[in-house]
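To begin, one chain is listed below as structure tokens, in the form predicted on its own.
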């Protein structure tokens, strides 16, 4: 299963009140095209999605915050996972799409395959975590629990490489922020 297929399958599970933080590159483009707008589409900010999501979750405890990030972004901001595990916001969900590549910048290999995510997440005492190879049946069996179980939840999905050619997000980063902040008026 490819990353855009996973993101597209979230359509039936993301509500109007949900806040989404997407990592830069293809993931943000896919979130922009497949899920409700506006959200936080990070651009040029490798390693920041979980930190941004953690801040939103702490400041908005009544909303579910879902971070959608790739393995490259995760590796560049690994400390944020540990910080999130320390604070354990009940409303933070982290979806990791792992194709073992810095996909947006040319497909360079990451070192994510060297990490035993199950052992790592277990060591952090995360409320709910799974590390699985993505398929439609895996999503059918796990997505709802991942999104609705109270606590800090992490779903690490091994995905296939591949993308759809999608237009870039037409908004400047300042416009992305302004559009997102209007949700709080």
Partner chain sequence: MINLDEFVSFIEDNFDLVSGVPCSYFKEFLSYIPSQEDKSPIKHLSATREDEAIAIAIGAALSKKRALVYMQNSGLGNIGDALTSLVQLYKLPILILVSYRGLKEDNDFPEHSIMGKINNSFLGSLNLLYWDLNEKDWEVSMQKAITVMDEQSSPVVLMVKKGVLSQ
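Positions refer to the first chain, counted from 1. What you see is a predicted model, and the numbers here were worked out from it, not measured in a lab.
There is another form of the same protein, the form predicted together with its partner chain; it is not shown, and what comes next is about it.
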item: Interface residue in the predicted bound form among 154, 68, 54, 134, criterion: non-hydrogen atom within 4.5 angstroms of its partner chain; value: 54
item: Heavy atom of residue 113 within 4.5 Å of its partner chain in the predicted bound form; value: no
item: Distance check, residue 147 to its partner chain in the predicted bound form, heavy atom within 4.5 Å; value: no
item: Contact test in the predicted bound form: residue 177 vs its partner chain, heavy atoms, 4.5 Å; value: yes
item: Non-hydrogen atom contact residue 80 with its partner chain in the predicted bound form at 4.5 angstroms; value: yes
item: Output flag, 31, 142 and 158 jointly within 4.5 Å of its partner chain in the predicted bound form, heavy atom basis; value: no
item: Partner contacts for 40-59, taking its partner chain in the predicted bound form and a 4.5 Å heavy atom cut-off; value: 40, 41, 42, 43, 44, 45, 46, 48, 51, 52, 54, 55, 56, 58, 59
